[in-house]
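Take a look at this single chain in structure tokens; it is the form predicted on its own.
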Amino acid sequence: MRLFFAVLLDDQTRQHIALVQQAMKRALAGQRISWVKPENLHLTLRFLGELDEEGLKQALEAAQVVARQRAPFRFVARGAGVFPDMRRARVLWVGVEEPVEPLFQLAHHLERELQRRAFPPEDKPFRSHITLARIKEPPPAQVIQSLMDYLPKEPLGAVEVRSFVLMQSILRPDGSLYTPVQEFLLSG
């Protein structure tokens, strides 16, 4: 199973982000971009990749430990950007605004518990964001910059994080299908 841990968005936040995504699609029409379906918008805490039954068991144990020790919190979705930079844009995202510390702590705690169970360390540092699209051929930097300048400055939603989810990802020609495997309620 191809798996990842995620924080799911409430319907209102997802709808606001989907409206921004639609505006971006119009502005970037004709570009080679793979857009995330609105129903798939989420914040990834940790990608796990393909796991066998033992790996799944270990991931579930790690998540249960983390959920018992972390308290619910909230974050605000606002702004947008690209990875790695404007000239080489490959991922278009919506950002997470203050307070971000509880989100970083959740991801860090999850990473630590996974490594205790022999998962290899994440190869990139955690960056809180909600992926909107993957860019196959980056447009000129000025196109991306003008798009960022055009976006609304107000918050796109306040997300109450009371749980996180282990999700299965099935790759299909028409886009990924995400299915929740198990939810972990924050109770710390």
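The first residue of the sequence shown is number 1, and the count goes up from there. Remember, predicted model here, so these are calculated numbers, not experimental data.
The same protein also exists as the form predicted together with ligand 2AM; that form is not shown, yet it is the one meant from here on.
Trainee: Indicate whether the candidate residues T44, F47 and T131 are all in contact with ligand 2AM in the model of the complex, with contact defined as any heavy atom within 4.5 Å.
Mentor: Every residue of the spot touches ligand 2AM in the model of the complex.
Trainee: Just checking whether F184 would be counted as a contact of ligand 2AM in the model of the complex - the rule being heavy atoms within 4.5 angstroms.
Mentor: Close contact is absent here: in the model of the complex, F184 is far from ligand 2AM, nothing within 4.5 Å, heavy atoms only.
Trainee: Although ligand 2AM is absent from this view, report whether R26 comes within 4.5 Å of it in the model of the complex, heavy atoms only.
Mentor: So R26 does not count as contacting ligand 2AM.
Trainee: Verify the contact flag for K124: yes if a non-hydrogen atom of it lies within 4.5 Å of a non-hydrogen atom of ligand 2AM in the model of the complex, no if not.
Mentor: It does: once ligand 2AM is placed as it appears in the model of the complex, K124 has a heavy atom within 4.5 Å of it.
Trainee: For the interface check, one of 62 to 70, 138 to 146, 36 to 44, 154 to 162 should have non-hydrogen atoms within 4.5 Å of ligand 2AM in the model of the complex; which one?
Mentor: Among the listed stretches, the partner-contacting one is 36 to 44.
Trainee: Just give me the residues of 168 to 188, first to last, that have a heavy atom within 4.5 Å of ligand 2AM in the model of the complex.
Mentor: Just Y178.
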